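Shown next as structure tokens: one chain only, the form predicted on its own.
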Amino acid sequence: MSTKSGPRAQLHVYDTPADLASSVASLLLRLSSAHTALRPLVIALSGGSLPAVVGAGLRALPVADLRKHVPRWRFIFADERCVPHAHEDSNYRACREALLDYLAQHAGLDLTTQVVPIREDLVGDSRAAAKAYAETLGSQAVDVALLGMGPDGHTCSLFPNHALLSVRDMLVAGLDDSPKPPPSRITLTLPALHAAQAVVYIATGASKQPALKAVLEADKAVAQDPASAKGVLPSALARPVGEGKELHWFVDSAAVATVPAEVRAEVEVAPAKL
């Protein structure tokens, strides 16, 4: 495998939200067990419906298992809206409510040292906020990125045809022209996601059908050289690059309904293979 290439997608299809959430949590523990570095496992979280899915999966795990793993985790945000932490649009708030507060109460998560939110004093300047966020992250690469996908194929705050898709010299970037409100945000860039050890997508519902079909149809070609791929959706581009890495798609039956059978057969794996 070329150092410019990346793994093929592994597609996991579920009929129930509970089974999907449970499998995501099981994969996270498996990736955590494989993390042997002395530094924490860096997990990037997105917003939207993802926090509730991840939270449901983690809450279903035995607390004893969580207590073995959570103290070694560090949570960052794959993207964040430039709003105060308590704002209804804040991904930090959504993740606190769905999973982080639970982990703090039951599994020893330190919300002060193990969670990295956007600086509230910089939410009025997306570029400054992005620069400060990158400085806080330092040289630690993302180990596991837990991402969602919009119906338009965007992920993080990387939108189709947006200039940030061409950024190669920053790991975190700011934008003030998001097609979705609020317009000001910070986001991990493609180079940051290419460096991840594992990228895990969660996509559910019929509204995701066109984008999921496009992403999986492009998967084989994009995997050959993700950094140079053109004309494909951000969710196809935001993937690991390099040997020994993993790309997972956790979807429900509704989202995958229009994916051609031959494409699905190439990438679908049995849940037991997690």
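Remember, predicted model here, so these are calculated numbers, not experimental data. Quick note: we count residues from 1 along the sequence shown, nothing fancier.
Absent from the display: the form predicted together with a small molecule. The rest refers to it.
Of the candidate stretches 167-175, 151-159, 103-111, 137-145, only 151-159 has residues whose heavy atoms lie within 4.5 Å of the small molecule in the model of the complex. For the options R72, K180, R127, H85, the one in contact with the small molecule in the model of the complex, meaning a heavy atom within 4.5 Å, is K180. None of G48, G242, P40, G55 but one reaches within 4.5 angstroms of the small molecule in the model of the complex through a heavy atom, and that residue is G48. The closest heavy atom approach of T189 to the small molecule in the model of the complex falls outside 4.5 Å. For H248, no non-hydrogen atom is located within 4.5 Å of the small molecule in the model of the complex, even though that partner is not displayed. Shown alone here, R81 lies within 4.5 Å of the small molecule in the model of the complex, counting heavy atoms only.
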